[in-house]
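Just the one chain here, the form predicted alone, laid out as structure tokens.
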Amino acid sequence: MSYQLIKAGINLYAIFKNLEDLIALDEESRNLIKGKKISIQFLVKNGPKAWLQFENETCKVGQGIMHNPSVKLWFKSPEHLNKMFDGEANPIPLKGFTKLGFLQKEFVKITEKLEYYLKPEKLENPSKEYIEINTRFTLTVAAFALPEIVKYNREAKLSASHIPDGKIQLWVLPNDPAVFLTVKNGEISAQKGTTEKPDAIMEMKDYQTANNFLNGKSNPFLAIAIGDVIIRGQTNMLDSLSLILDKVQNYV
């Protein structure tokens, strides 16, 4: 059950978080919501809850319950939600039947574009632009997956308990894209952007280096040894964090 619960949390909180940047960076996806104002609430029984809001050609993604969304989608279990993400099941609409056309057409195309940018292995010669977007999305997924893994994976929870309270900054030079993690009492939360006075920093020298590092295409110890990836500050925080990061690929 914990596997399905972790995967459901990652799907809603980490994978969908990239919709914000997808709409901002991809013109085709942005055009699909042009002139539209629609919000979607995802409700999972005994599982995560999240919402999406499309308005003014932007997208916002949040956790929890949204007041008066345009659409409410219900899932019987975390497994039911995960099957939807795998294209094997449909949600149960509770509200917004007049918006089903958007869900079946434009929204499907948007999620297909998101999947395209998250699956670099399907492309033989990805462009520089593609690599930059994939890197940004991969970094976001890694950061926002961590809180869900720590909540429900026993080994990850143990690793997190050894991380001192503080903030960890992860970024690709020159500091964009960037995410930071806040650790408090063995729990982790994630945010996009930068934070003042982080306790530990991991910086990757460019997009290609970050892409190889985050997608497991390079030796992390060698990357650090030759200076492609630089760690600074309380490096013991990053040592424990890396043990949790290794588990992300098990759920994505």
Partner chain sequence: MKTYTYKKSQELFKKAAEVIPCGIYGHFSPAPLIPVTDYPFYIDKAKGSRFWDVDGNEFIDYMCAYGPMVLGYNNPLIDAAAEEQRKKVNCGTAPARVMVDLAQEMVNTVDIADWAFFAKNGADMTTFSLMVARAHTGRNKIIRLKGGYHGTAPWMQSPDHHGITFNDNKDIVMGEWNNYEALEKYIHEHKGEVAGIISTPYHHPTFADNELPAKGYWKKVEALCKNEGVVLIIDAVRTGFRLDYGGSNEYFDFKPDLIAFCKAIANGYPISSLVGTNEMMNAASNVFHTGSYWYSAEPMAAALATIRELKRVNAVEKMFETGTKLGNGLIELAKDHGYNMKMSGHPAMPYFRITDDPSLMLHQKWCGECTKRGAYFTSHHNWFMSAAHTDEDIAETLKIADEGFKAIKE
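Positions refer to the first chain, counted from 1. For clarity, every value in this text was computed on a predicted model and none was experimentally measured.
The following text describes the form predicted together with the partner chain, which does not appear among the structures shown.
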Task: Contact check for 155, 234 and 243 against the partner chain in the model of the complex, heavy atom at 4.5 Å - done: yes
Open item on the list: Only one of these stretches, 186 to 194, 64 to 72, 36 to 44, 200 to 208, has heavy atoms within 4.5 Å of the partner chain in the model of the complex; which one is it?
Closed with: 200 to 208
Open item on the list: Exactly one residue in 113, 83, 162, 95 has a non-hydrogen atom within 4.5 Å of the partner chain in the model of the complex; which is it?
Closed with: 162
TODO: Decide whether residue 227 counts as a contact residue for the partner chain in the model of the complex under a heavy atom distance cut-off of 4.5 Å.
DONE: yes
